[in-house]
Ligand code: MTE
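As a starting point, one isolated chain is supplied in structure tokens, in the form predicted alone.
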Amino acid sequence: MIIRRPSDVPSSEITPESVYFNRRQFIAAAGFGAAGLTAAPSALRALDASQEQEIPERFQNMRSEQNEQLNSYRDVTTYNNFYEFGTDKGDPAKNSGEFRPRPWTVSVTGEVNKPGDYQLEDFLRPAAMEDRVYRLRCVEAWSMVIPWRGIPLYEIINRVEPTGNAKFVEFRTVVRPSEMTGQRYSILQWPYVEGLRMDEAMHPLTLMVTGVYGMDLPNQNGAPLRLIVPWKYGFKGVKSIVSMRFVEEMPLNTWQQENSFEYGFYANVNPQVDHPRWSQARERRLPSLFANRPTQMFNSYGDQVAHLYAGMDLERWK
């Protein structure tokens, strides 16, 4: 296998084509031009180990279930996919300073007995908050090991009491173009939409996240409320959630809508099914430049979640 350095990989191979071309329009509309692109620092360079923040003391000995070392707080907060603030990995950290995550309301609608607008403080129970180390694996073949802080999603779902007709739950991100610079352009169709089957949403591993490293989520990581489903690719981790809708039919999520040929609803990490433009067999653990780690089926959580997909063709239901 030939391992190429990130600098050798064309942009069109690490961003879906529809977004790649829209990004060119976004850059032109924003007035950056070629000079701006030349001056912009590399997101990988921004992870220079000499500038990494020291891991807080109480996390010093924390490891993943596979005994993997945590990525630094700096890794976690400076290399992000959050197109609402821009398409480059460093854009969310640079462009999210004006975003206001408080006060925050989450609308719960659809097939539930207790619909309503829930304030964030009422929506979550502080006593139920947990620190959990999960691997984040992105479809672009990079990964991190992150200590998330949150509450199991099933606790929230049980509180709103879904009816027997609820087969899926749909999540939507806030739309605030005045604060989210990427939403001023047609990078994607806003709002960002994701969904889970109810058994996926109710699984004990599925976490509604409010923080990292024991602190509140930074804006660039999806403040104040985001989803983590550790056995799925990172794009399932919808950020800055303002809506949960319980429905009978499978919702159309953003990446299906943008590029259904390359992205499906389930998005389970599967090294045996390549992305149409690159292999998923190996991954690079940031801040490394090299894809030298074998990708694990279901992101190494298969013994806990594989039964959810028994009998499904995981190449078709990607």
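So that there is no doubt, residue numbering starts at 1 and follows the sequence shown. This one's a predicted model, so the numbers in the text were calculated from it and none came from an experiment.
One more form of this protein should be noted, the form predicted together with the named molecule, which is absent from this view; the next part is about it.
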* Asked: What is the one choice in S143, N221, T206, S96 with a heavy atom within 4.5 Å of the named molecule in the predicted complex?
  -> N221
* Asked: Given that the named molecule is left out here, which of Y83, F246, W231, Y134 has a heavy atom within 4.5 Å of it in the predicted complex?
  -> Y83
* Of 232-240, 197-205, 104-112, 162-170, which is the one stretch near the named molecule in the predicted complex, taking non-hydrogen atoms within 4.5 angstroms as near? -> 232-240
* Does the named molecule come within 4.5 Å of any heavy atom of C138 in the predicted complex? -> yes
* With a 4.5 Å heavy atom cut-off, would you call R74 a contact of the named molecule in the predicted complex? -> no
* Is R149 one of the residues lying within 4.5 Å of the named molecule in the predicted complex, judged by heavy atom distances? -> no
* **Contact set, 175-212 vs the named molecule in the predicted complex - heavy atom within 4.5 angstroms** => Y192
